[in-house]
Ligand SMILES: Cc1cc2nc3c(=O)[nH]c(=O)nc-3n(C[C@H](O)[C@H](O)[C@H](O)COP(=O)(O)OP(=O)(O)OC[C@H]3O[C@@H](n4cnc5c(N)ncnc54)[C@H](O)[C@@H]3O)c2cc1C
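Read the single chain below, which is given as structure tokens and is the form predicted alone.
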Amino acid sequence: MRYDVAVIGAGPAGSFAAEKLSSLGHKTIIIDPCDKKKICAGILTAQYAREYKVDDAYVERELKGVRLSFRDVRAEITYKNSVEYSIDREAFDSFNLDEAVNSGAELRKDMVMSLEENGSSLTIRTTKENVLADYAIIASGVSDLSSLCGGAKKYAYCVQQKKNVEPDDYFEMNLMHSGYSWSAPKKNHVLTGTSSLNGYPDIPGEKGLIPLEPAKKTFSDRFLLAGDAAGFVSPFEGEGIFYARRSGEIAAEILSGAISGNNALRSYEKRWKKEFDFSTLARLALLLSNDMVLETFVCEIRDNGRFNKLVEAILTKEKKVQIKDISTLIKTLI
């Protein structure tokens, strides 16, 4: 059987892409082994909560804000007009996958080993059998497949642990120029994670890779990269799920147009670059790669009310942050 689109990966990027494609009438298959736990803090940011419906089925805790620290300096940002949610990531993925299947997408629990472009189609090789499709969306995270297809090349090595301690209502990040760590409160425990740019931290826990910058090219003649596979993550914001979902939706729209003969896949890159301001976020990340600047950054959040509000605006995207605001932040720190 030949499909219009094969979606490889059943995380947010893949499930929402498949749901949209199916709802538009395209024959869609999702291929994922559905047997791997995701290394993820599990935070639906203020931007996500504003743009999309959040369901109680996967919410564990409503969050009030974020706490940032560097060495022994600590600061707190309590959101005034925004709310974030800590979620059960497995329940979230399961909920979204069910929605995609209910919309008409077929699910095949299998592992994709490779794919081959054959002019007007793709041959997708799995552990069980080959799948033939006109197009594909690769949304399988940082994986051997995404690497073969030109995915994200720069990433952090992360280890995540569950700790049975009393949670509160703030997401916490400990900033380090060579990595970062986080603490995400759940219903009755806390998930902590530690990252490094130089290999996995030598601590027990589940291991995973988090991309640090977008892939150089996110399209080919027959497939698109979405979510983590495309490097759509912003460690500075603690943001990945929104970019995963939105990139999956954009990919679905581009492919639907391509199937109808209305656009080429190269227009995908123009669309996501217009919506995702990774260049500004990269400037901030580079700025915060210095210990002295990091300490000043946290001190300013703690002691300077206007600066606190500016960083809140950047994190929550309650309103569009202007380049002049970023410039003000940079000048304050240097």
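Residue indices: 1-based, along the sequence shown. Predicted model only: the values in this text are computed from it and were never measured.
Beyond the structure shown, there is the form predicted together with the named molecule, which is absent from this document and is the topic of what follows.
When contacts are judged by a 4.5 Å heavy atom cut-off, residue 239 counts as touching the named molecule in the model of the complex. Proximity of residue 140 to the named molecule in the model of the complex: non-hydrogen atoms within 4.5 Å are present. Proximity of residue 66 to the named molecule in the model of the complex: non-hydrogen atoms within 4.5 Å are absent; the residue sits far from the partner.
Put simply, residue 110 is close to the named molecule in the model of the complex: some heavy atom of it is within 4.5 Å. Using a 4.5 Å heavy atom cutoff, none of 151, 214 and 250 lies near the named molecule in the model of the complex. Comment: the named molecule is not present in this chain, but in the model of the complex one of 158, 100, 254, 122 has a heavy atom within 4.5 Å of it, namely 158.
Stretch 36-44 is the contacting one of 36-44, 52-60, 301-309, 268-276, since its residues have non-hydrogen atoms within 4.5 Å of the named molecule in the model of the complex. Within 4.5 angstroms of the named molecule in the model of the complex, the stretch 1-20 places a non-hydrogen atom from each of 8, 9, 10, 11, 12, 13, 14, taken in sequence order.
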